[in-house]
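Just the one chain here, the form predicted on its own, laid out as structure tokens.
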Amino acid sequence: MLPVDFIVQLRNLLPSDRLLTDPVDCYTYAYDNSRKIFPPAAVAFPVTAEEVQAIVALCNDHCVPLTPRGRGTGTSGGSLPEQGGVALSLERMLRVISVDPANRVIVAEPGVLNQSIQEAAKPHGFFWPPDPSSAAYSSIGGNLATSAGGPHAVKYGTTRDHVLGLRAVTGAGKFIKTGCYTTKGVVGYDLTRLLVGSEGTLAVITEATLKLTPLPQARSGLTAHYRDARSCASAIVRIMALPETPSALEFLDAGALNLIRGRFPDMVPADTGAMLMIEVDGPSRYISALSASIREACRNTGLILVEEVADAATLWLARKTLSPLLRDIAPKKINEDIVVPVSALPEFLEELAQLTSRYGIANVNFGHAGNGNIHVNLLVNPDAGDEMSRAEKCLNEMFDLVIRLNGTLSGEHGVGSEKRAYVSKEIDSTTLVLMKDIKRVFDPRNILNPGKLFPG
């Protein structure tokens, strides 16, 4: 329950059609793709940076929790208003402020969809490389919050690599500007890279200056079919040792392939136990040679066949349908996005198989293998005896395995609330204290997305 005087002041900041206080209306903003529910007491829809600043300042004055939110596509609970308060939906901040092809820059507000950025850049011969599977309906504000990646991050990097500067409002209600308009600049601390990936815990981004990349002249695709996951993982190591990096290198295990066979029966041979989906891009004159090099790197004793992709669009459609299809196997999935060094992939997949077998947990794996980013899906039925307890123990040991292999607990989904209990496995206590001190500088009253990122 919010104080009456706070609600009165909030209503003075926004017109009635941009403020929700009825619990039924607010419920739409109570969940994200983690499928957990925490209703806010109010939902505010600013359309200008000044309105964002006024709302943040008001919440700061009254110590009211404020949870910034994009389109709610995240899987880690980062946009859940766990402590109630106000959900700050940025979905109506939809301006593409400028497109500057001469300097390869686009400036936009946080509510603009990733797909809209691509559509604005394409006529000028450019694109913005971050391409999460939710690109058609996720906002760039959400992409910035978690430093989203996607299949093409193996060559082009994640969101953090494609942001030049930001305008934002700190938790104390102060406007800040970070970074610059040029690709080179070393004046002061790099607060831009600090804010990207901070999941709305430090400041609310109101404008982003994004770095564009020229569209590739040509693309080509291959699929490589293997008898088992280990031989497939060994091929990944060889491919990533080549002088030229593929633009996408996706791994699918037997469980993922069975899901695809169920939807696209003729797409995957019956004896394929693991598969790579490979894309190369660049100047037309290089594509053939690069494809040949990758084809050779794919060869090992477990290879069944390598083939060119006649219809790449269908192949990528199949890959993007995997996540929702998992619910055909079990009512709940524990979806992790761990990363290990590419050279450790064979060992990781082998030990993961042993872990899931020992705990009796169904498991499907796929993901961005070129940078070691595997989406591990533990498939469980919460109503089936002690299955959830076994899955949690399996997950805990899997995270220990990831850290032992010099990996990280999240590559692109963020920590949010889903992974915070495990953060101390990766970050030592001294560093955690420093991070919390930084949080206090930006957000002295701890109103911005309180409780996220750090263990309790």
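In this text, all values refer to a predicted model and were calculated from it rather than measured experimentally. A residue's number is simply how far along the shown sequence it sits, counting from 1.
Keep in mind the form predicted together with another copy of the chain is missing from the figure; the text below concerns it.
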{"query": "Region of this chain that lies against another copy of the chain in the predicted bound form, out of 212 to 220, 379 to 387, 353 to 361, 302 to 310 [heavy atom, 4.5 Å]", "finding": "212 to 220"}
{"query": "Distance check, residue 285 to another copy of the chain in the predicted bound form, heavy atom within 4.5 Å", "finding": "yes"}
{"query": "In the predicted bound form, residue 79 touching another copy of the chain (heavy atom, 4.5 Å)", "finding": "no"}
{"query": "Any non-hydrogen atom of residue 139 within 4.5 angstroms of another copy of the chain in the predicted bound form", "finding": "no"}
{"query": "Distance check, residue 102 to another copy of the chain in the predicted bound form, heavy atom within 4.5 Å", "finding": "yes"}
{"query": "Site test, 47, 114 and 366 vs another copy of the chain in the predicted bound form, non-hydrogen atom cutoff 4.5 Å", "finding": "no"}
{"query": "Position in contact with another copy of the chain when the complex is considered in the predicted bound form, options 191, 254, 267, 96, heavy atoms within 4.5 Å", "finding": "191"}
{"query": "The unique member of 401, 415, 41, 59 whose heavy atoms fall within 4.5 Å of another copy of the chain in the predicted bound form", "finding": "415"}
{"query": "In the predicted bound form: members of 420 to 448 within 4.5 Å of another copy of the chain, any heavy atom", "finding": "423, 426, 427, 428, 430, 431, 434, 435, 437, 438, 439, 441, 442"}
